[in-house]
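Structure 1 and structure 2, given next as structure tokens, are two forms of the same protein chain, each shown alone.
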Structure 1
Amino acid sequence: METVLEAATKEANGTVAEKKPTVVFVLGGPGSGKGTQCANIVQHFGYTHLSAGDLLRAEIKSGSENGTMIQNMIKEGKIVPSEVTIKLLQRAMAESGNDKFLIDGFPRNEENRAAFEDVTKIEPAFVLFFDCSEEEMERRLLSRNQGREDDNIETIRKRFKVFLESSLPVIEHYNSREKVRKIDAASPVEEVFESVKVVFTSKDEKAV
């Protein structure tokens, strides 16, 4: 018997693939300002912002069977399988009614990337890469008062290391296909968004 999620995903799969949506992967280290810029892109260009981490957290919160499985994996320090995250992304894409998506914090590694293209049959239009020095990201993370437990210097450095080791191969892969749009994320927020606008406008996006 297939689970409700599997049935919904099958349906979502068909719907999402048929629509041939525009997908933009948003990558950048912790503290590179991805979230802020995604909110700006949503407002100006009508994209739907999907954060892989938020979808996983929401699924855990829902108390579903799938959510419990995800929670147990995270507790045990295991990486949630690509397929699980991809199913959640597909379901959110199908439910959104939109055909333009910013996928934030995914793919985290080469395996995620290959699985996403394989399962969804979708290649991103491009990858928006927020390039920021470790010093600047560290400064930002330490100064933001969100009370996040993971914002201490040791954990921050571990997160940088993981980002570099796992995400750089993804960036290199898309770079070789001329799909990476690199943004200097060290500038003030407004200046960064000016650079972002250039990327989206040159993609023939119409501001909403």
Structure 2
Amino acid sequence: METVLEAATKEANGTVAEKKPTVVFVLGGPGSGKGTQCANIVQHFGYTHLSAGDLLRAEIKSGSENGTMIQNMIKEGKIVPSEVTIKLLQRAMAESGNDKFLIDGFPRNEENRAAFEDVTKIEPAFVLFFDCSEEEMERRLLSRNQGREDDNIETIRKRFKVFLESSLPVIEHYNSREKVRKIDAASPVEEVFESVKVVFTSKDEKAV
């Protein structure tokens, strides 16, 4: 016999598969404020926030067979294979019951992007890009004390390099399709959120 919960989960999964959800990719260098601003967007606009980095860290903690591989890649600032990250994102989407998602910190390279579109058949409604100087991002990362193994100067430098070489091309890709909404992310949190609000309430995005 199917339990009520199983039926509800099936229905939730079905909804995700049949009716394409709205996805906004939230991109920007390490320390640009993606997670902080996503929390604000959730409060005001009813999205579900999915941080790819947080999902990967939860996967390490859960003791999954991929845990050690993921941990080593994060320590080196490298990009975890698309297959692993996409599975975690798909599962989180299915379990959420929502149909509007902020996907934070993914896709990080062109391969991530193509694989996500291939597997899910979802294209983002738009891409929110937090633009911030390396100097400011470095200052934030070194002072945030979240106990993250990758917030040390050596790994931070590697993450900046990966961002410039691998992640900026993703932003370029969407920019050429007029999907990028660029935000000046160097100001204090409240000021940045004022610019973010404009994007989410503008006429163009209302259909979203």
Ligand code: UDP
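Throughout, rigid core stands for the largest set of C-alpha atoms superposing within 1.5 Å between the two forms. For residue numbers, the reference is structure 1: its sequence is counted from 1. Computed from a predicted model, the values in this text were never measured in an experiment.
Where the criterion is the form predicted on its own, structure 1 meets it and its counterpart does not. Residue 121: CA moves less than 2 Å between structures 1 and 2 after rigid-core fitting. Comparing the forms between structures 1 and 2, the C-alpha position of residue 95 differs by less than 2 angstroms, with the core used for superposition. Core-superposed comparison between structures 1 and 2: residue 80 shows a Cα shift of 3.0 Å.
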